[in-house]
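The chain below stands alone and is given in structure tokens; this is the form predicted on its own.
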């Protein structure tokens, strides 16, 4: 395709990306550099028979005038990014200087809100993504080898978790793991411990959230790989069988290389989706044991007087940076594969 033709072909998509993705990101970054104005306080004295007492009131007119004069808020620069709610440079430095072991240092770091959320987000992403890819491929191969009359029902059942709204699905699991739910009551009977609860432990809560993440996103991986299996060349598979390749060898040397581009696509989608984990935390009411970067943004938006000011914007920008860092290796590999095939 000529450059001019390609330019006009890509222009509508490029314009939409600039309008709905690039410009909002720039806007969020600019607004993250500002914080809300402090209220203008007026101190006056109220005098009575027993003396005078100072009284502090808010000058609403002066505060409104200040907000009208500087609608973006008070310029704070990058200080929002390094305060205790985010990167917490001062707290990290103090913990490094005052602790003698790495364990003690790590214990103080995970008590900081941003790092606690970042650790859970990375753990969730690092566990759910490869498990979903591996299980999705295994289920796709299994369903593909079923008799024809069983494939339809198997595909339908496999897609059910993906059809359930994330919030509804996580609420259902939340009720099931409750002490009165089927899972929670069964676990208490197995361990003969009426006080055992999946919601009372940080490790169990993380495990429950990760299991839900695998259950909910597995159908996407499965259906993508199943569609890809329909495009595997039959002559290549027959040639491998004639050469004496076992099922495992055909899987490793024929099917997996053929599905490699799909694996890159699924990995990209899962990384972006898992890194913004949010609904299960809210549905499970797991904030005491697990928070994510998306949950911090939600909490900042809920508590802030103006949702566009500093804290939520700073967390949003760092989340975007985190997604870019995670996607970069996959994108580089995809580009190299494309360049190698092009030559």
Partner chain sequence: MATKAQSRIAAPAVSTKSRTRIQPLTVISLALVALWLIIAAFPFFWTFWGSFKVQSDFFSKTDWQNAIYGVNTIRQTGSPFTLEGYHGAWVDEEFWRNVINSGIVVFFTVVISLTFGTLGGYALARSGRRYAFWLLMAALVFRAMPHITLVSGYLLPFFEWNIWGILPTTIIVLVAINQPFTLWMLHSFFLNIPKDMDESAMVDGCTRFQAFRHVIIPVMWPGVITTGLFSFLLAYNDFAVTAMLLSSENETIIPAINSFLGTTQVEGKVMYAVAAVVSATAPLFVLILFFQRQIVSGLTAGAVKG
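Here, rigid core means the biggest group of C-alpha atoms that superpose within 1.5 Å across both forms. Computed from a predicted structure; not experimentally measured. Residue numbers count along the first chain shown, from 1.
The discussion below concerns the form predicted in complex with the partner chain, not included here.
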Go through 101-109, 82-90, 148-156, 122-130 and give me the stretch that gets within 4.5 Å of the partner chain in the model of the complex, heavy atoms only.
148-156
Is residue 289 part of the interface with the partner chain in the model of the complex - any heavy atom within 4.5 Å?
no
Are any of the heavy atoms in residue 197 no more than 4.5 Å from a heavy atom of the partner chain in the model of the complex?
no
According to a 4.5 angstroms non-hydrogen atom cut-off, is residue 35 in contact with the partner chain in the model of the complex?
no
I'd like to check something about residue 66: if you look in the model of the complex, is any of its heavy atoms closer than or equal to 4.5 Å to a heavy atom of the partner chain?
no
Let me test this: is every residue among 162, 224 and 331 within 4.5 Å of the partner chain in the model of the complex, going by heavy atom positions?
yes
For the stretch 158-178, which residues lie within 4.5 Å of the partner chain in the model of the complex by non-hydrogen atom distance?
158, 159, 160, 161, 162, 163, 164, 165, 166, 167, 168, 171, 172, 173, 175, 176, 178
Align both forms on the core first, then report whether residue 291 has a C-alpha shift of 2 Å or more between the shown form and the other one.
no
Compare the position of the CA of residue 282 between the shown form and the other one after a rigid core fit and state whether the shift reaches 2 Å.
no
